[in-house]
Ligand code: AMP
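The data below hold one chain only, encoded as structure tokens and taken in the form predicted alone.
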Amino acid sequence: MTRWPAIAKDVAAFPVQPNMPDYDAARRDFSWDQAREELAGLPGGRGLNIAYEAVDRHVAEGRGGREALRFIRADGGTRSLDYGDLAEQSGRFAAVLRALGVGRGERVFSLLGRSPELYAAVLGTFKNGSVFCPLFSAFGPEPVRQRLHLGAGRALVTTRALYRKKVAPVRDSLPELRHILLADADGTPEPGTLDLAALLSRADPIGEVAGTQPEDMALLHFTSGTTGTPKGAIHVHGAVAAHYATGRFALDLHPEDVYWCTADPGWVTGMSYGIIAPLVHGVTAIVDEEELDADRWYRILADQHVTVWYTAPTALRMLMKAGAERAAGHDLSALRFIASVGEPLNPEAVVWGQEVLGLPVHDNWWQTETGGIMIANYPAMDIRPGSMGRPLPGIEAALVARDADGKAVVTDGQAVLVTEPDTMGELALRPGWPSMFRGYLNEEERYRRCFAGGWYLTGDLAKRDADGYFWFVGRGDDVIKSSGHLIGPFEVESCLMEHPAVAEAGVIGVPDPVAGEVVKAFVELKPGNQPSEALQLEIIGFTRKRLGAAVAPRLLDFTSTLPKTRSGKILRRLLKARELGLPEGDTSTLEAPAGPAPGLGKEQP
């Protein structure tokens, strides 16, 4: 593969010396037991709780007055919570849950924007010993209903507008959802809902943090696959050891940092690195309540004196598209480290950071299932643009050989590893790190299929060079990555088929210069329906209402026949190959040819 020149580092010139100045020494000396010893643990030896490590520990150790969260309002003004405030508000939320009878292990969902209420709810749920399940506020009613149902949601925190639009239409199908708490009820909650502010005002903030153990469930993150329903990945309180270690090594967090993770907490990055990791490190975390705008983001970086910035390739590409002149005039001298995650970071973005922002962008790699960063480019390590980097201390990564059917090759119970440099295999991790998911909720067989021959199989294809840098090649399945979101084709196809004119649908991701990929649908119509631009717009609008704009197709073609195997499975890889003009590969199992109706491709912004 063509590779860009490496970007060398002069560690001696860094304004702050990195936490990991010597990568090889850190890997040699590190142990997860050592990382766990850095945590406080609950007083009296009652176990380990994420919320205690994130807020109450700081208060107990005399740091309650330190600024924890700085919210940037739409008008550019700010409001802050210190660690003492956050301890009190999360304690009140835990008391509200107790009063409502929401108990240990029961699921509390959120459908909120980036507001103070969200952060109090996350930490308060942990304090109560309940399990937190974040939802992305752009989801439509059906994804919300499906996840609440699968997770057996007992309580939901949301706003009046989101409740009316996305929860009320499906509430009758959710009998286990007993409590809906409106963050903005203003004394007049919707029928069948509760006024969260009124409940919090009467709650006791001093309650004891629940005595949870490291293996007790703390988080449930739903992630879509290529087939079937969304999967609920289970994470435990012990994962906080990995959040602490990866925040230290991969993000180089220091107590005096002003840190900004731009990811929404509805996704795993916004939870692990927008809430848990920065708070455990006691830093000040920036929270922008608005969406991406180039000028606004540059102003935030400058005005808030951000030192560590963790963002996504999509955002970086949008800033690149806006032009280097947009960065001019903004004092970014406080910024000392930039990292990116969500999808592979193209080399141009790494170099653009160096040229325009004065710092290269450091790519890293992980998944919902890993719970934390697994492979990264580090502050003191030279960057090879386009590379994912090298494994974290405590993480053993390898490439597993795959057979012609895409399955891991296992001999005598051991996975066969790819050892030749620059040779593709399936990226795999040796189990045992603290933030590894402990299962898929109620789907033990689905969980077991993720492991083979002593390794966790990520489903991603990669190469490793002679120096141990990993390079992403592509997904081993059909999951679509759009603007940092993982989108399962099956979920979109199922929604399309609910439209009365649609007989069948196939969905793929197609390249997009900003989003990485956008969703494209191929639709077979039922008899009596004719392809038209009006029908295209109607179907796209139909899916947007149910799935939300982040998940629904932006492109749609009509086709007379979808390519399928003789057993009836839609060949998405063939749809993609034909769309992009790539080799079609083996078509021996193909049932019938397929093709789009000419001139009827429609994109919606």
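Quick caveat: nothing in here was measured; it's all calculated off a predicted structure. Quick note: we count residues from 1 along the sequence shown, nothing fancier.
There is also a form predicted together with ligand AMP; it is not shown, and the following applies to it.
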**Request:** Would you please decide whether residue 388 lies within 4.5 angstroms of ligand AMP in the model of the complex, comparing each non-hydrogen atom pair?
**Result:** yes
**Request:** Although ligand AMP is absent from this view, report whether residue 365 comes within 4.5 Å of it in the model of the complex, heavy atoms only.
**Result:** yes
**Message:** Using a 4.5 angstroms cut-off on non-hydrogen atoms, would residue 455 count as touching ligand AMP in the model of the complex?
**Reply:** no
**Item:** Partner proximity in the model of the complex: residue 81 to ligand AMP, non-hydrogen atom cutoff 4.5 Å
**Value:** no
**Prompt:** Within 4.5 Å of ligand AMP in the model of the complex, do 33, 52 and 213 each have at least one heavy atom?
**Reply:** no
**Prompt:** Which single stretch, out of 164-172, 339-347, 92-100, 177-185, brings residue heavy atoms within 4.5 Å of ligand AMP in the model of the complex?
**Reply:** 339-347
**Heavy atom within 4.5 Å of ligand AMP in the model of the complex - the one residue of 515, 72, 268, 428 that qualifies** = 268
**Message:** By the heavy atom within 4.5 Å rule, which residue out of 472, 298, 447, 352 makes contact with ligand AMP in the model of the complex?
**Reply:** 472
**Outcome for the Cα pair residue 113, residue 494 in the model of the complex, compared with this form (closer or farther; change of 3 Å or more)** = farther
